[in-house]
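Form predicted alone, single chain, as structure tokens, below.
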């Protein structure tokens, strides 16, 4: 008897598996995880207590409509509830967006290198990924992205700030780009790291969404708000897009614990900005240290820095691990290092300096 395996979609053969940032080892010399862009601070005041209280209802399904969170978001960002949709982190909402807009024969444009989930969610949907190379200074090449638009284009991702380079798109260039995009092509402004931006010339995507029906804004509670483990993100888009997102959402995907924690986090704005400001100050210290060592850097507006290391990528990541910090290699391009605890950042700076001297970079 010949055994057969279940027939799976051939399209999945070429889909890369998402690789999360490696965790710090529970034993041994590695003590700090700077590989996943996590917030090193614990949940904001009152959030843990509210989440623990919600755990007592684990025998019940969560509110599928996320009514409390939706109302809080509508008030916080001054948008109609009908223009909101939630999902399992911004990456979950990104997948819903692709499912709602693109399928076999359709194309999705995104910068590259950028968020590694983009090509994955596009290929899983059966659509064709169209990566567009970054400029030499690690920024979006918006002219090239506009030139890549065809009749098959259904969606375009703009990652602002870009992950993993931390670079940004400024207001005038983004508006000029949006003017070139056909009105029936959805442009998704992925703003997972917007709270860390200090460049006044970077737009708030919500301002652009208000007058452009083909603009959707992605946000998350995983980064600045420190709720990475609860998986809750949201989109702001005009009603047809938001309604499609609610249709493609996994039923009951956002847990009640996550909903309660997100609401309480939104109500802790003062404490949030104190922590974000502290991380931005620490980012400045790391950047200044790297520049003093002679590293060429692109301006980062996120909670991480990017070192373009090329063939030295894996060796640098290994050197960091031996010293006690885990960073995120993206071979063969470079390494992304999250801004974490002060001690961790200091270790990283020491390793970076020693590595640069040793390799004569």
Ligand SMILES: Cc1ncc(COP(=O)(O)O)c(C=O)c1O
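Numbering follows the first chain given and starts at 1. Quick caveat, the model's predicted, so the values are computed rather than measured.
Another form exists, predicted together with the ligand; not displayed. Remarks below refer to it.
Engineer: Heavy atom to heavy atom, is residue 223 within 4.5 Å of the ligand in the predicted bound form?
Structural biologist: So residue 223 counts as contacting the ligand.
Engineer: I'd like to know if residue 209 sits close to the ligand in the predicted bound form, meaning any non-hydrogen atom pair within 4.5 angstroms.
Structural biologist: Contact check for residue 209: no, nothing within 4.5 Å of the ligand in the predicted bound form.
Engineer: With a cut-off of 4.5 Å between heavy atoms, is residue 256 one of the residues that contacts the ligand in the predicted bound form?
Structural biologist: Close contact is absent here: in the predicted bound form, residue 256 is far from the ligand, nothing within 4.5 Å, heavy atoms only.
Engineer: Consider residue 192 of the chain shown here, and say whether it contacts the ligand in the predicted bound form, taking contact as heavy atoms within 4.5 Å.
Structural biologist: So residue 192 counts as contacting the ligand.
Engineer: So which stretch, 102 to 110, 121 to 129, 223 to 231, 256 to 264, is the one near the ligand in the predicted bound form (non-hydrogen atoms, 4.5 Å)?
Structural biologist: Every other range fails; the passing one is 223 to 231.
Engineer: Of the residues 186, 97, 217, 159, which one places a heavy atom within 4.5 Å of the ligand in the predicted bound form?
Structural biologist: So the residue touching the ligand in the predicted bound form, by this definition, is 159.
Engineer: Select from the listed residues 91, 242, 249, 197 the one whose heavy atoms reach within 4.5 Å of the ligand in the predicted bound form.
Structural biologist: Checking each option against the ligand in the predicted bound form, the one that comes within 4.5 Å is 91.
Engineer: Could you list the residues in 163 to 183 that come within 4.5 Å of the ligand in the predicted bound form, counting only heavy atoms and keeping sequence order?
Structural biologist: Heavy-atom contacts within 4.5 Å come from 163 alone.
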